[in-house]
Ligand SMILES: Nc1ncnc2c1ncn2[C@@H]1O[C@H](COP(=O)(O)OP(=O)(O)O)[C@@H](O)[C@H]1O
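Take a look at this one chain, the form predicted alone, written out in C-alpha cells.
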C-alpha cells in the first residue's frame, strides 16, 4: 500500500510522514528528495538549469514509478505535485491520499521562519506573504480537496495527526 501525503508547503508533510512511516513500519519516500537523488541536483538547481516544465516531467515519471511499487510506502509529495497533469487522479487511483490542511495563518507562521529554504517564497516580503499564501492556497485547494481523506494540522501535536490518519485508513 502507498499512503500519499499532500498539502501546501509548511503543512507538515515531511514531519508527519516521518512519524507515520516509523509508527506503521512503512518505507518513507519524499518525492522531491527522490528526484534530487536520481538527478544529482537539488530541486532549485533543476528549476534553474532545466526549467519547471522539465522538473514537472521528472516529477510525474518518479511519481508513477513509486505508485507502481509493490512496497508499503508513505509518500510525501511536493506542494505542487497534485496540481500538474492528472497527478491527483493517479495519486487517488494508486494510493490512499491524505490532505494535510493548515490555515493561512498557520502556514504564514511556519513559512516566515523558513523563507530562505523555500525558493517559491524566498523573495516575498513578510508583509506580502499572507496574501501570496492565501491566493496560492485558493488556487491549489481544488486539487488538494480531491484527496480521499483530509486531516487538519492547525495547533495539533504531530502524534495526534498521525493517529487520526491511521484511524481514517
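Computed from a predicted model, the values in this text were never measured in an experiment. Positions refer to the first chain, counted from 1.
There is also a form predicted in complex with the named molecule; it is not shown, and the following applies to it.
- The contact with the named molecule in the predicted complex, taken as any heavy atom within 4.5 Å, belongs to 9 out of 20, 9, 151, 147.
- Interface residue among 38, 50, 110, 57 relative to the named molecule in the predicted complex, by the heavy atom within 4.5 Å criterion: 110.
- The closest heavy atom approach of residue 27 to the named molecule in the predicted complex falls outside 4.5 Å.
- Contact between residue 69 and the named molecule in the predicted complex is not found at the 4.5 Å heavy atom cutoff.
- By the criterion of a heavy atom within 4.5 Å, residue 114 is counted among the residues contacting the named molecule in the predicted complex.
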